[in-house]
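Below you'll find only one chain, the form predicted alone, shown as structure tokens.
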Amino acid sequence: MIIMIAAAAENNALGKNNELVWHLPNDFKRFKSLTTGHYIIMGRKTFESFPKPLPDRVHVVITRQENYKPEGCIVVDSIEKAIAVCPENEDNYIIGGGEIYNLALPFTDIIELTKVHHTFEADTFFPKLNKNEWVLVESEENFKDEKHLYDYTYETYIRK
């Protein structure tokens, strides 16, 4: 199963200068609980945005750089090869960035999207979902508080 997991703003913004443009601690906790113990597929820039590899996950990094070999990662040069190295009968997560989301969308079975209810200036965006291909099956509203500056909604989509 290929599951795309992302947080995107109302204008589909993901980030700017290889960083998120918001901070939602509960979304980080959700990301950790969903992806721990699984393969996570990402682009090189996303991998390099982490201070260190995420614990208890197998990192699959997609890059065109031939000699790129970060310790403890599986490195491939295409989304197809990234998916091929993942276990078939398990949940495997696409975690970004923008280019990888676009490449992975045709292979994706489920999308776990945190919709941040605000618009942001960004240089990386989540793909626009074709409502003829995806159905929203779960939605959970969350409201801003002292730790969360924006309202946000957890949305789960499955391919029709």
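The model shown is predicted, which means the values in this text are computed figures rather than measured ones. Numbering starts at 1 and runs along the sequence shown.
The form predicted together with a small molecule is left out here; the points below concern that form.
For the three residues 14, 65 and 101, a heavy atom within 4.5 Å of the small molecule turns up in the model of the complex in every case. Within this chain, residue 146 is remote from the site of the small molecule in the model of the complex, having no heavy atom within 4.5 Å. Looking at residue 95, you'd find a heavy atom of it within 4.5 angstroms of the small molecule in the model of the complex. Although the partner is absent here, residue 138 is not a contact residue: none of its heavy atoms lies within 4.5 angstroms of the small molecule in the model of the complex.
In the model of the complex, the small molecule sits beyond 4.5 Å of every heavy atom of residue 59.
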